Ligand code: SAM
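What follows is one chain in structure tokens, specifically the form predicted on its own.
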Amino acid sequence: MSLDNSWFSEPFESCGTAFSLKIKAKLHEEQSPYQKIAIYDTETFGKLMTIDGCVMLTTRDNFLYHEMMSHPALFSHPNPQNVVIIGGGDCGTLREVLKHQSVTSATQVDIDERVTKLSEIHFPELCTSNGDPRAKLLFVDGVQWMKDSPEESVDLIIVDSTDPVGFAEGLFQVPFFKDCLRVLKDGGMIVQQSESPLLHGETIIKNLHLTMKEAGFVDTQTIPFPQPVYPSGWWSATMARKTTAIPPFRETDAREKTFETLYYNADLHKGSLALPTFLKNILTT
């Protein structure tokens, strides 16, 4: 990360690219027990949160990520009631999950409480559901929490994590997915953020499919979506199911949803299930 002449820049050295935003002001910076968190005010993308020098979210485009991490999986499960979010400390995914009236409980498990506290100050629009009686916010290690959770107690697990490095690395490994499989009810689902199809298709995304299947999941499916502030501007989420193939999504429910979204809709959901040819080839060879 560099901040020079009022520009925040995040280089992706391994890919030979970078992303930059023009900055009006640095609003906050601190070193939590786990990571360095900074908040900026940008000229065109609203507020920006970075962790360890990497872009996490902006006011302008976070809806793309939060909606696609939530609604495709929620509308693919026949009746999602008990949902667990691993990570997601900015609370945007929690907000989207709790738009679904079928959800009776949503537990967010993030190791760093400071991410949530700073989001409540600088991104309050993402935290509007934090006081929902169905919401429970825990600030503990997600890998250990899943290991300690009771068998067959959850319908849907959303892994809203940072990149697979540091303390988030365990969220991409077989032991964690085996614990998820044990905790999910019969027919339960997991969805994991899975990086850029363009930059990480042959590495992270392919390995994630293999790792989920090695852990015992019977079906995997990647859904790409735009995300301007992340590497390549193109991101993805990968879903898997505990037993039997991922069913067709509840298209009628998606079309008749009673809540607002800025990006997600039933037609977009249907289209996102058609993988680009290059990614389909990677995942089938």
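Throughout, we count residues from 1 along the sequence that is shown. Being a predicted model, the structure only gives us computed values, none of them experimental.
Absent from the display: the form predicted together with the ligand. The rest refers to it.
The contact with the ligand in the predicted bound form, taken as any heavy atom within 4.5 Å, belongs to V55 out of A254, V55, A38, L64. When the ligand is considered in the predicted bound form, only one residue from E152, E214, D112, E120 comes within 4.5 Å through any heavy atom, namely D112.
Under a 4.5 angstroms non-hydrogen atom cutoff, the ligand in the predicted bound form has Q193 among its neighbouring residues.
The ligand is not shown here, and in the predicted bound form it never comes within 4.5 Å of any heavy atom of T107.
Proximity of E96 to the ligand in the predicted bound form: non-hydrogen atoms within 4.5 Å are absent; the residue sits far from the partner. Although the partner is absent from this view, L171 contacts the ligand in the predicted bound form, with a non-hydrogen atom inside 4.5 angstroms. The partner is not drawn, yet in the predicted bound form one stretch among 97-105, 133-141, 179-187, 198-206 has residues with heavy atoms inside 4.5 Å of the ligand: 133-141. Using a 4.5 Å cut-off on any heavy atom, the residues of 62-98 that reach the ligand in the predicted bound form are, in sequence order, Y65, I86, G87, G88, G89, D90.
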